[in-house]
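Starting off, we have a lone chain in the form predicted alone, written out as structure tokens.
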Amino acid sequence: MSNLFRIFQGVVIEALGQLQAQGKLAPGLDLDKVAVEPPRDPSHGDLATNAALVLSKGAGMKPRDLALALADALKAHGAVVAVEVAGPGFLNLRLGDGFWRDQLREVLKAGTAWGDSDLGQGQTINVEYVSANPTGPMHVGHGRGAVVGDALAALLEKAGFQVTREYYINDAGAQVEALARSLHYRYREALGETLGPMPEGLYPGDYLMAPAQALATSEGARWQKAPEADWLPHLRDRAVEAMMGLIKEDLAALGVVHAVFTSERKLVAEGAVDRALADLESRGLIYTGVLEPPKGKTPEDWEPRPQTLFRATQFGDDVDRPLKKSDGSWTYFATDIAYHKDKFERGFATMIDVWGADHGGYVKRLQAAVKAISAGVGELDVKLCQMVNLLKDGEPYKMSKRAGTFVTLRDVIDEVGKDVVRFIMLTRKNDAHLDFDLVKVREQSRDNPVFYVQYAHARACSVMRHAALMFPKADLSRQALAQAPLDGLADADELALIKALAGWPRQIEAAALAHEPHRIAYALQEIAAQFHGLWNKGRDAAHLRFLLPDDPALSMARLALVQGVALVVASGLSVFGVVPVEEMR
């Protein structure tokens, strides 16, 4: 465990135990709420604990009295140089400079594994993301969900969870039948027919031309004049297979690989929906009833008819939810219940789904369903991804001819590269709108977060290359630098940067617990800003430069810090699936 805040939480709890052993504090207190965090104002110290505030009532003591007693116990710790009681009973701790220099040594020893955590204890988590309908190539919005889900999975793995990346193939229903008809249309064109504009309701992009030509080559005119009932199932399967191949290629170009693909059609065919709903019915959670009219303006086609309903309100939803359509077929909700029951039965009590924001109204009902099918054991967190506004030098980007109606994800990857796409998609929280300007993401300025963070890594690598020339006999490996004398790191900004590197494991754990990978982008930008600021400080004051030809010992200490920055930036970029650069072009 490298999260120093969790380490000092243990120190505080141990000190409380000492007070109990001395009879100064009542035994049997609930210590679960004792926390150690950074103070809101860094000038107040390095660590803050709420122990006196949360324990005072149970201890029968005033918070300040308990805080004073705890302060005396904590002063005995070797790393603590000052403890002060603030406000109603917060304790602020200051740690010695030697402690922070030792933290830098730990960063160097760990390398890019710095921040790896045992927090998850191997708990299994299913992260389902992308799950785009297999009706064509992915658009930029799908790309955001792909990156958020993939980075979240990597973040959870770094925090010690066992993660399965999953894609749900929506290969049942009207949309794939429309896809099959679109393929048949292109297939007839491939056989030489002149058909004119594609009919309304089909998929007009030219991405079906290659599969249609392949079908014409392999099966000839077999399906050209056949009745729809004969060719629809076969062409549906061929079309879905072709589109999933296209989607997987686009995902691979983005660096995204799923371990599991689950077919909706297969789930239905194997009776998963029937079994899941039979289980709910046996527990009295399904009934026939009439729903109240929708709030607001009632749709013209709404009628108060008896429906098969799930008692979603028993599990936190606003209304009970229909399971069958008017034609007797299952609703999408019914198949989603079966799918999440299947996940739970495969061992995933914790599930994370990454969806587009247009599905926001669907969240509460599916969370209710997960509670029901898992008898309250299962937990579903849904991350909604807002729209991506694609721009080119401030103007909306033109549509893609290949897709017909939208810019494809592959267009954007080909334009700016995988790593830029992945980083930019994580620079804002998933539920906030994101502007993606294809010109601005290439600018070499502080306003471009991709450049700013990558430049920090490249600058660190540049300093190390110059050091190798300046000190040709020195061992500049991270292992050797971890053993160098570091007492020369005494400038306030040097120590502040070390503290930021030392806090990296906490950043990883906090982001993993919140299921918010964008926090890592913020943390990387902050570390980059501190590093660039320190470099600029050395440019203005020669004695603060990283490399001092006449002072090899101080140079080695500063190189240890430079290497530490490079390692932490690389650690964060690895979570994002982004390759750190060693030189900027």
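One-based numbering along the sequence shown. Bear in mind that the values here come from a model prediction, so they are computed numbers and not experimental data.
Below, we refer to the form predicted in complex with the RNA, which is not included among the displayed structures.
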Worksheet item: Quick one: does Gln121 come within 4.5 Å of the RNA in the model of the complex, counting heavy atoms only?
Response: no
Discussion item. Although the partner isn't part of this model, could you tell me whether Leu384 comes within 4.5 Å of the RNA in the model of the complex, counting any heavy atom of the residue?
Written reply: yes
Practice prompt. Find out whether any non-hydrogen atom of Arg539 is located within 4.5 angstroms of the RNA in the model of the complex, and reply yes or no.
Written response: yes
Discussion item. Taking the RNA as it sits in the model of the complex, is Pro197 in contact with it (heavy atom to heavy atom, 4.5 Å or less)?
Written reply: no
Practice prompt. With the RNA left out here, work out from 209 to 217, 122 to 130, 503 to 511, 147 to 155 which stretch has heavy atoms within 4.5 Å of it in the model of the complex.
Written response: 503 to 511
Practice prompt. With the RNA left out of view, choose which of Phe161, Phe315, Tyr455, Phe99 has a non-hydrogen atom within 4.5 angstroms of it in the model of the complex.
Written response: Tyr455
Discussion item. Under a 4.5 angstroms heavy atom criterion, identify the one residue in Gly361, Gly78, Pro227, Pro396 near the RNA in the model of the complex.
Written reply: Gly361
Worksheet item: Looking at the RNA in the model of the complex, is some heavy atom of each of Gly296, Arg459 and Phe546 within 4.5 Å of it?
Response: yes
Worksheet entry | in the model of the complex, residues of 445 to 471 near the RNA [heavy atom within 4.5 Å] | Ser445, Arg446, Asp447, Phe451, Tyr455, Ala458, Arg459, Ser462, Arg465, His466
